[in-house]
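Single chain ahead, by itself, as structure tokens, in the form predicted alone.
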């Protein structure tokens, strides 16, 4: 039985895409092999990777002056790769700290010998809000400004794109890419781990404006050198072939469903339903400021935290899985990425209502 999987990642994936992958698993394109077994240098897989990139460009609307890279090491790998490709040791960089993924990126930048200026630090709010759009000043000498549009753990999301002037804007879109329309042009680089809305873990997609290429520090590992990977069409080494293949199937699903406009409408409806229920409840609560609430990751608390384990266990038995909040914040968290249908959110609300009736 398929469950409603509320995991923050690896996350629920579209059943339509999984069914196609299942049907092709032992015999892909009449090759007598699965896509997991064919050579990444063979014409069939080269064409598959090219089609996936083309679909990503079409669905997202990626301008031609950006390179699309299929990388490994996840978003965490990019915390180190970005400084290695975009800076020299000692350069100034600006960061927003709005959650635990921001903290990890900041730590990696410092380890690469950069002068890190955290121009927004929301630790004092316990990462429950985002800064006002006019509350910060970007250093015009900074090599880039880095921020995380959606913090998975705290359920905090930006409602705007930071204005940086001529300073390159770099963003970790792991938890929000493909969830709604996206204008790529304000960004110099977007990167995203695939395991939320794009496919299985193991693949990281980077969208890099071409003028940032050719700046990697000497000694940068070749597989994280954006220029080298771009010149090799992301096949300098063996790429994550299954992740690229499955991303292509998911992009076809998004396109057939109406594209990112339709995804945005679908995701807004799910988020509004769940937040609306929580806000109307005297038993459940959400700690995030109203203007900073994530569409993708919804943390919530119950009045009696001693019942958290019982809530998670009973929900799991009801086919509503992976609702425990991150260990650092506790409570519960419902991640409602693209593949989560509205019916799953409705089922969660029904369970929450019954749980409160029995325990409130």
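Numbering follows the first chain given and starts at 1. Being a predicted model, the structure only gives us computed values, none of them experimental.
Not on display, but discussed next: the form predicted in complex with a further copy of the same chain.
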Legend entry - Contact flag, residue 322 vs a further copy of the same chain in the predicted bound form, heavy atom cut 4.5 Å: yes
Inset, instruction - Answer for residue 165 alone: is it within 4.5 Å of a further copy of the same chain in the predicted bound form, judged on heavy atom distances? - result: no
Legend entry - Close approach of residue 111 to a further copy of the same chain in the predicted bound form, 4.5 Å, heavy atom: yes
Legend entry - Proximity of residue 357 to a further copy of the same chain in the predicted bound form, heavy atoms at 4.5 Å: no
Inset, instruction - Counting only non-hydrogen atoms, choose the one of 143 to 151, 184 to 192, 73 to 81, 120 to 128 that falls within 4.5 Å of a further copy of the same chain in the predicted bound form. - result: 73 to 81
Inset, instruction - Spell it out for me: taking a further copy of the same chain in the predicted bound form, does every residue among 100, 328 and 330 have a heavy atom no farther than 4.5 Å from it? - result: no
Inset, instruction - May I ask you to choose, among 51, 27, 58, 291, the residue with a heavy atom within 4.5 Å of a further copy of the same chain in the predicted bound form? - result: 27
Inset, instruction - Could you run down 227 to 248 and flag each residue that has a heavy atom within 4.5 Å of a further copy of the same chain in the predicted bound form? - result: 237, 238, 239, 240, 241, 242, 246
